[in-house]
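Only one chain is shown below, in structure tokens, and it's the form predicted on its own.
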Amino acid sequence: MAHIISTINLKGGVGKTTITAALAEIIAGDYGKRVLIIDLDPQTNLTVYMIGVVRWRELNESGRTLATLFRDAVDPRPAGSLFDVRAALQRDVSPVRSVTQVDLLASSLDLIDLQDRLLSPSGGFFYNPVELLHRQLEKISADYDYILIDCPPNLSMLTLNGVRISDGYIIPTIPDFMSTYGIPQVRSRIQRFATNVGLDIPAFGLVVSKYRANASLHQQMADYLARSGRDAGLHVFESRIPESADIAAAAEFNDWGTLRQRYGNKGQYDALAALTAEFMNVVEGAR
């Protein structure tokens, strides 16, 4: 069975997409695992990160993004669903030449409108809106060792679709007040949702990202998060991902030779690799 993990924070710009992509590529490239990444964020950052704008536009125009799955629910057609999960699946999407076995289900800007409409379907079509992605993933999840889901920076129906199929979730955060204040709300909302659907969906941990080791505020907040996390039963990963121009440049769609070239050779890749090892230990130890 695949390990399925969502990446969530109510605050944007905290490194959520970069961490999701790096985990996927390192798990596949360094550990030889089969990984699927699912981009549920209407901003499409993870999709463009992996396949570039030109390829994303081709998929969007041909209806091979997740927008088609959710549009089928709110605008049902007499002929039935147009979404084919295997046709939508993009294989071996990593632009790092040494990395294979990373597949993608792409996002779309059209999800911006659809995430609101999922709460009020038209046409008398009855469905449980949090089961839409689950029904599709059942068809392909056995093909993967890990499935990583990049969720929007909110707790919309799109995010709940990701949480519904997850074994747990991680919360990347910059160690500052604005990035961390919504963490209790994320945990309590997901706990209520998990209770309602009869599932156990734990927080696997908090990832400190865009960390500036020479900034006293970051040091103090990161240490505080580690202490308060222990008190609140929230694991805080020991690996702190540095703020880095190299990591920011990794978001550019490019032809990368190795993971070190993509993420940085001055300790940045090493931090992400250490996080990945710790992440896999936590996730596999929870089963």
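Heads up: residue numbers just count along the shown sequence, starting at 1. Predicted model only: the values in this text are computed from it and were never measured.
Although it is not shown, the form predicted in complex with a small molecule is what the next lines describe.
Of the stretches 58 to 66, 217 to 225, 235 to 243, 30 to 38, only 235 to 243 has residues with a heavy atom within 4.5 Å of the small molecule in the predicted bound form. The small molecule in the predicted bound form is approached by Thr18, whose closest heavy atom lies within 4.5 angstroms of it.
Contact check for Ala24: no non-hydrogen atom falls within 4.5 Å of the small molecule in the predicted bound form. Interface membership of Val14, defined by any non-hydrogen atom within 4.5 Å of the small molecule in the predicted bound form, is confirmed. Put simply, Asn45 is close to the small molecule in the predicted bound form: some heavy atom of it is within 4.5 Å.
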